[in-house]
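Listed next as structure tokens is one chain, alone, in the form predicted alone.
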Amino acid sequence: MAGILAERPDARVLVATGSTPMGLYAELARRRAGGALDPSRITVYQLDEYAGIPPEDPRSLLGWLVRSFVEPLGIPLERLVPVPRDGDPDACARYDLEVDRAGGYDLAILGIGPNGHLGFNEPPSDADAPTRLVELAPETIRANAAYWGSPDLVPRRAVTVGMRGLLAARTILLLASGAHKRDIVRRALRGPVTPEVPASLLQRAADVRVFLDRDAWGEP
């Protein structure tokens, strides 16, 4: 990622939250603090957000993005583009249009959900799905309960950048860790391409780079 940003210091970067990419972001912050990286000119696009959660809520994904990525990398807040957190269809359409007019995403940093979702693109999600309001799947609610304290407290709806936008990114980094991701990682990378496993659509993207720990891949 540091190499990509060195080549394109004004890159438009779609950034995920979640536990998996936190080590990446910490390393980038370390390099920035040491003078080896200057990401201050990139534009950061939020990948997803729980519907209706204000930025000041400690559980807000926007707040998490600011704390873990924007501030440690010295990126001005005015270079952060949030998704429309209310999921209004017109606002989501304008978001996509503005991204298209800007030239699309240069880089997308993604994790993978237990059901193969990217962002909150829950199955089934077609390759042309736009940014939109979605109902969260039961698997996603269970997986996110750790951040909220209980499945009953997890919001049932979220806003996500659509598959159309993220699949069109010039470069996609997919990160996964842990044995609990092993089955879905293999289905995404080696299984049939299907909207029922949205991450499998990455097989048709132009430039995808996958980074896994040994537990997430297992034996060949």
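In case it trips you up, residue 1 is the first one in the sequence shown, and so on. Treat the numbers as computed from the prediction; the structure is a model and nothing was measured.
One more form of this protein should be noted, the form predicted together with a small molecule, which is absent from this view; the next part is about it.
- Remark: none of the three candidate residues (Arg12, Pro39 and Thr43) comes within 4.5 Å of the small molecule in the predicted bound form, counting heavy atoms only.
- In plain terms, the part of the chain that comes close to the small molecule in the predicted bound form, with a heavy atom within 4.5 Å, is 43-51 out of 184-192, 65-73, 43-51, 162-170.
- Although the partner is absent here, Gly111 is a contact residue: one of its heavy atoms lies within 4.5 angstroms of the small molecule in the predicted bound form.
- Using a 4.5 angstroms threshold between heavy atoms, Trp148 stays clear of the small molecule in the predicted bound form.
- Using a 4.5 Å cutoff between non-hydrogen atoms, Thr17 counts as a contact of the small molecule in the predicted bound form.
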